[in-house]
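Let's start with one chain on its own, the form predicted alone, as structure tokens.
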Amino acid sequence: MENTNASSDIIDNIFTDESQIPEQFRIPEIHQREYLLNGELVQWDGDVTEVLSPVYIKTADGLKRKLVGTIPHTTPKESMEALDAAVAAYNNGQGVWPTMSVDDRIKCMQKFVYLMIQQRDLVIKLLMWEIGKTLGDSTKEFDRTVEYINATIDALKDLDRESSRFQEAEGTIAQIRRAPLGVVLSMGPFNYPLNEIFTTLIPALIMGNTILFKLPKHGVLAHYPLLQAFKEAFPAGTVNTLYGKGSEIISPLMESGKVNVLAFIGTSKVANGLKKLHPKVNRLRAILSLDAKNAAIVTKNADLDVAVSECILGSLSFNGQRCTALKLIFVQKDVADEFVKKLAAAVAALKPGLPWDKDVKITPVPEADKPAYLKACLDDAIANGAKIINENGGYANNSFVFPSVVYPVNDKMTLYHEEQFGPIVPVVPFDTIEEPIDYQINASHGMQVSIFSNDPMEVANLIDPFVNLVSRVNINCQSQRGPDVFPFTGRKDSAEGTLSVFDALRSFSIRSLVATKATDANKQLFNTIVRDHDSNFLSTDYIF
């Protein structure tokens, strides 16, 4: 594919000499030689894995990926030690953490947040260097994560206040509270290595579970500055970190049957494989956020400028590397040519660069094999009749790939079916509205859809079928996860369980109750326990 536009020179010269990187964004190599196990930062003297940035540096020998540092490459032995620590800390629900009062667990979490904020600047830099996320997006990820933790604390206070009273029905009095589930294996993705993982880890932790924390394949070092905070804020064995190849260290954990909850954000294929390893599947609770191929539907009654603006945000924020990204755009044929023209012009105008560059929109991708995969998708689309519409679409320089608007896409193409998880915007023309509906009916995913139309009747007629096909219908706006107080889930292969600030607390706990017959003697018994604060569970204490 040829690109002769002069702006291709910018792409060819994106990577610079290290001396040209602004001083405030440079980072020394970080060689992590410890991991968190049973409340201690244990020294690691074994094999290590290099952490290479998607950012290339000009050297005397040509362009080379910047070495960010190294991390432990632990073995199944260390992962089983971590499991033993988590199991011991939970101690069949009798450990220090699961029996701790809600108020005291909240105080531990508040201490963690305080210590986490001290590492803000370093974590933001590591996000930029490790996964190529822009300065603005890296900053937003950190700050949003802190906000999420604080919102989770507030939500738990509300939940505990609701549970602080006794209920009476049919001659029985009871107090109903939420209790932890056990050992949680938390595994998250590279695209939001801080925020996405913490949306499961934090609620699981604050509800009294103990944690096995498997670091993502990219963005590992971004967590290194937080290990001390975990160590200082929580009792020994409450949080334990896992490093190494997932296929090696995770399988024995699942096969042990001692993992009670699998919190996983990734592909349905991997999730299904992990669940099958567990010998007692009925005892395993799974909280999963998986595949998505979120579609946008632009009808002839849409405001095309709004549709273009939102589709660019939805499909190309962080290079399209989001499960909530718009990954297929259906456009009614009446307006398809005009829409594609506007979309291609807007995409061509996006600024390419390095994560810290001012106003940069498109940055290098962290997965080493992603550029080749994207090229294969483009080649397949072209072979089946599509064209790349925008200037420099698909033009690549090592880890950098400029976005492509591909049109017209049909069901013979890979891009129609597979989640590209990268900077390609496939556009499908359609005649009748039944076509995108049929697509969603037959799709294996069901996370979100975005509908663009200003016709009330048309919008209403699209809302009703889609609310039963996906978990969120967006009207004249991009698909997205937030606000975090809204439920986040999916149908079909897209998710299992629901996450939000409120829902996550419920997902990682179970309702337990203490009940007795409403006799005078039993009432007096309960009153004495509550008055003397003899139980952390049976209590009417009110958290402010």
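Because the structure is a prediction, the values reported are computed rather than measured. Numbers follow the displayed sequence, beginning with 1.
Omitted from view is the form predicted in complex with a small molecule, to which the following refers.
- By the criterion of a heavy atom within 4.5 Å, residue 196 is counted among the residues contacting the small molecule in the predicted complex.
- Among heavy atoms of residue 66, none comes within 4.5 Å of the small molecule in the predicted complex.
- Put simply, residue 191 is close to the small molecule in the predicted complex: some heavy atom of it is within 4.5 Å.
- Residue contact check for residue 323: one or more of its heavy atoms lie within 4.5 Å of the small molecule in the predicted complex.
- Here the chain stands alone, but in the predicted complex its contact with the small molecule, taken as any heavy atom within 4.5 Å, falls in 473-481 among 503-511, 473-481, 27-35, 43-51.
- Note on contacts: among 223, 278, 144, 178, the single residue with a heavy atom within 4.5 Å of the small molecule in the predicted complex is 144.
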